[in-house]
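Alright, here's a single protein chain in two forms, structure 1 and structure 2, each given by itself as structure tokens.
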Structure 1
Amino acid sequence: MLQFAWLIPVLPLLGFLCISFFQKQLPGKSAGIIGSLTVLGSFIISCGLFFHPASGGTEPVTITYFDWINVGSLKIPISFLIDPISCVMLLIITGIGFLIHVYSIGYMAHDDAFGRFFSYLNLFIFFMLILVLGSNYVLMFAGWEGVGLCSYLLIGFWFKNNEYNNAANKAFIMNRIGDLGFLLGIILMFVTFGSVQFSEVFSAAKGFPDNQTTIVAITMLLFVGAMGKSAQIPLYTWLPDAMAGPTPVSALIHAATMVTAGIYMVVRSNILYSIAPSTLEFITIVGMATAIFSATIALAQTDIKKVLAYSTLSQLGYMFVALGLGAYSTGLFHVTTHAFFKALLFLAAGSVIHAMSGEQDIRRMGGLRKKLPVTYFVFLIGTLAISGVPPFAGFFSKDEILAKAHMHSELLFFLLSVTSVITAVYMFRLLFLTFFGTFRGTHDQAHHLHESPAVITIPLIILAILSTLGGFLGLPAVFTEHHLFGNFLAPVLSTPAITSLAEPSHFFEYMLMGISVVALALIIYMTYDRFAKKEMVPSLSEAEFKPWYRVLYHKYYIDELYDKVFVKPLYWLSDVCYKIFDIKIVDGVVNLVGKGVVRGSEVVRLAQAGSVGIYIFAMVIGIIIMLVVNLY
């Protein structure tokens, strides 16, 4: 099976090339079919790898193909690393990727640029697979930047709309800020360890003591990259804007896969992070802040995709908290379950938007459950899963993070619980406003309301099943001794000294479950009462908002703040550099030197100007001087 590993990324690449070169010749839906089949092929090979002994963990396998960048001691081959971490990521990317490709065949059916969409989607899968397969940091970085490119291309997919184009630019540029950190981290790593190859770096790092400055610097710089890609404070503002892209893109790139690249990177580098507890502490704080901050914003959003976007931010924050606590497998577990239920929620939202003829504002929806029964049902499952209702997938992964946080710090546990409550509130608010109550859209929209075709609903149902059962991959210790997910990953993960190994007591686990079930029931009742029964829909006019609501609605005015603090001053500075410094001063000096020389030479020039008057005048003066000299 290993000899086919190279096909995993190459198949989608071929799909990309094939679709983009023959876009015009490809009839009907064939671009979508080619795109889906290539990803299916990758999925099948990934499954093969998953059952291969190499992924069992004892001996990770590195397959080297050819030299990429070789300069002196810097050796960067194109080579893949197959181990439990990459296998888990491969399955998520190709599995969910395949479902979303199939869904897109239905969703994008009426778009003029159907072929272009699939070519980008395939290119994205290619880069994402390179990201998780690469056996060194530079190759990972190549995938890292590549997925950023695809994200840019897909956010700005409908390029006639300049607002979308701005969102695309913003995403790319913010990611670039993170990438600079990442790149410097890689270089510092090369300078420190003399290699960027995972295996060599990690074995060299084992000799370092905890919190050694260089290691902290490397891990921090790498994490800057993760803050960009996984949209953590302060580099998160691009992700909500990224919702400008078509909905399958939001599901695939901006929820399930690309934005979790930062988590993958930290898990991959767990050996480095484990010996840098300060960085871990920092990651916990950033993750926690992002989790609670964006959850509050989600409370007041009225665009169905924006709510989900902020919820993604919040969940990513959760994952980073887990990583910060040294619970790497828990983080990756949440990546997995999140991929299931968030992809599901986005795709279901897409189905709603599709049915509503493009409408995304939940204030204009309502009562959709009768017209869209399947969509409603799967959205409900997604909501239950993300809110952490047992036994849906989100419950187990979230419960695991809460338990780990409890062992670490009461405050952290408290904040995470609050976030969890807020999550349930905005998710049920979204659910009830969209699917319950009465229909608030236009007459035309009501007329067109219809359930989506099978090509859309089947992927939804599969994801719903995964969101329901996915959690059983990692049952807590209360139920079983075999944490399938954790055990699978255990061989390649390390444990930092700060992580307490003690398992939470069974009593605590039961209590946690009990309390969360009661709290959730209460939230569901209250939101149902408010948004479904009494139909307290947020006002369409901003003037009627309460002040706190307005602040949340405007996302704490962070975009405006960034504009004032970073963007405007940069342009102002550039303008000054150009109009004053460059033209007046630097060029001014050059011209002044030039003029000086010209003035000087004008004097000399008189001697050769051919003016008889001056010659005669000079001659007369000369004669007089000679006479005067001779006289004495």
Structure 2
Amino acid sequence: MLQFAWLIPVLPLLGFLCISFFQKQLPGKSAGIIGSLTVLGSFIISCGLFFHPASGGTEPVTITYFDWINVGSLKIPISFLIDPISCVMLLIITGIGFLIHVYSIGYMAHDDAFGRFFSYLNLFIFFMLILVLGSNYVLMFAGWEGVGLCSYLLIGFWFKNNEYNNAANKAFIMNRIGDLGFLLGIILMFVTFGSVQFSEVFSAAKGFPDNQTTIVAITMLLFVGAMGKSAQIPLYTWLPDAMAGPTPVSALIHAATMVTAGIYMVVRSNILYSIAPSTLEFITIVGMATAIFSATIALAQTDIKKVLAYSTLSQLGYMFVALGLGAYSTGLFHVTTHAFFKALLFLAAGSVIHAMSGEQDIRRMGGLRKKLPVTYFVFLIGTLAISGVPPFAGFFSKDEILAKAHMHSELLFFLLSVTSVITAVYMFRLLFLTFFGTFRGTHDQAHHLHESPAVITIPLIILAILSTLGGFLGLPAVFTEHHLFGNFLAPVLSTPAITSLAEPSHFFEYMLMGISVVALALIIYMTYDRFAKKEMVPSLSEAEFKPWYRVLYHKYYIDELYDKVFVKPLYWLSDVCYKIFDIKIVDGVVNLVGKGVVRGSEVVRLAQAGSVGIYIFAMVIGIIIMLVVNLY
């Protein structure tokens, strides 16, 4: 199966080319079918690689196809790295990506740019596959930039709305800030190691002592890139605004692909990070801050997609905390379970929006479980999974992160536990306000309420099954000594010095699970009583908000702060540069040259007045000058 690895990214690329060039000739929903089948083909080959002996072996397999860049000592081939990490990411990207493609056939069926949408989706999948398959940092960076470009195209897909264009610009610009750090990290890496190939860099890095200054600098710069792509403080504000794109785009970006690129990069670079404990500590702090900060914001949001967006930020913080603790397999395990239930939640939210004729405000919903039974059921499963209710997927991965955090720091464990409680509160608030109580929408919306077609609900059901069973890939030690997910990744992951080799006791595990179940039961009861039984719906009037609620509703006014501190000063500086440098200096020099030529011409043309006497006088003067020159 290794000989077909090149087809994994090439198939979506072919789909992109085919749809782009022939979309006007393609009948009906052919663009969606072509786009879906190409990703399905990549998924099938990825499954073959996953079960190939090389994928779980101790030695990763590098497949080189041809040289890309060969300048002096810089040699960068187009080559793919097949190992447990890349195989897991391939299955997530192509598997979830295929379900999102199928879902999009129904969701985007009536959009005028149906073909263009699928061409962008396929291109996005292609670049994401390049990112995780590349065997060197430059190829990874090519995919990294590619998904940034595609996210810009997809977020601003409905470009006739200027707000959506602004959201796309915001995502693109903020990612460029992080990407600059990533690029500087790659340059410093090449200067230090003389190579950007994973195998050569990691082999050379093993000889460096812990917290060596250069290694810390490289890992910090790489993490700056991860902060932008995976939306960590302070480069996170683009992610909620990315909700401007169609709902399948939100699922693709927020669940399985783009935002997990930073997680993948750190896991792939685990050898570098393991010898940079200072960087790992910094990652833990940033991840924890992002997790609890974004979770509190989600408590007050009323847009169904915005709640899920801030939930994504919080869960990404969880993942980075795991990575910062050196628990790389735990972080990737949560990436996997999160891909299942977050894709499910976003797509289920899309089904609700589809039924509500585009309405996204949960204050104008309510009572939808009777009209949308399948959507309600799968949304309930997604909510149970992300809240950590056993035996759903999120319970096992979040429990594992909490256990690792407790081994490192009781304060960290406490903060993560508080974040977990907040997650359950805002998710059940979202569930009950959307599906319980009385319907609060318009008469026209009530008249058109209906369950989504099978092309939308079938992917939801599959994701619901994965969200239910996915956690059994990583059962805790109290149930079995064989952690399937961790054992699969173990051959390619290092153990940093800061990670304790001791595992939490069985008593602690049972206590953690017991307290979690009791706390979740209380949260479910309290949120049900408040939002379903008493129907305490947030006011539509901002004037009635309590001060603390207003602060959370406006996201701590961080966007306004960035606007005053960064955006407006840059606009002012640009205006000054335009008026002084562009107009007075650049344009002034150009205009001065033009005016000089005109004025000089006015003087010179006086010699061409048509007077024969002047011409004879000029000839005589010329003859005298030539004689004098020849004489001396």
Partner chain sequence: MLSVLIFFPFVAALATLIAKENAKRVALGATVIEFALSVWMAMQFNPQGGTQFMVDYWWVPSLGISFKVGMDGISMLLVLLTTFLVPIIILSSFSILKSKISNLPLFYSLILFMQMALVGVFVALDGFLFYIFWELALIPIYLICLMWGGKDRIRITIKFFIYTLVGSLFMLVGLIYLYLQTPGTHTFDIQAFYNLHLSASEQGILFWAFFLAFAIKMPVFPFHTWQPDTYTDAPTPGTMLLSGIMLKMGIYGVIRWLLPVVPMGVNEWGTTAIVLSVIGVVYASCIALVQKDFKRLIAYSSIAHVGLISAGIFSLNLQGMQGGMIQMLSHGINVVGMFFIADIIMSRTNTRNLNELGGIRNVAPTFATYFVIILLASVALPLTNGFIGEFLLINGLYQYNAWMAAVAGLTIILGAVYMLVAYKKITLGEKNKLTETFTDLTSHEKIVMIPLVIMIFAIGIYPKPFLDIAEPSVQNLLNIIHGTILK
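In this text, the rigid core denotes the largest set of C-alpha atoms whose superposition between the two forms falls within 1.5 Å. Remember, predicted model here, so these are calculated numbers, not experimental data. Start at 1 and count along the sequence of structure 1; that gives the residue numbers used here.
Report task. Only one of the two shown forms is the form predicted together with the partner chain, so please name it by number. Result -> That would be structure 1.
Query - Rigid core superposed: Thr64 CA moves 2 Å or more between structures 1 and 2 - result: No, Thr64 moves less than 2 Å.
Query raised in the report: Against the rigid core, is the Cα displacement of Gly594 between structures 1 and 2 at least 2 Å?
Result: Yes, the C-alpha moves 2 Å or more.
Query - Threshold 2 Å Cα movement between structures 1 and 2 at Lys564, rigid core reference - result: The answer is no, as the C-alpha of Lys564 shifts between structures 1 and 2 by less than 2 Å after core alignment.
Requested in this report: Superpose on the rigid core and then read off how far the CA of Phe581 has moved between structures 1 and 2, in Å.
Outcome: Its C-alpha position differs by 4.8 Å.
Query raised in the report: For Ile621, what C-alpha shift in Å is seen between structures 1 and 2 once the core is overlaid?
Result: Value for Ile621 between structures 1 and 2: 22.5 Å of C-alpha shift.
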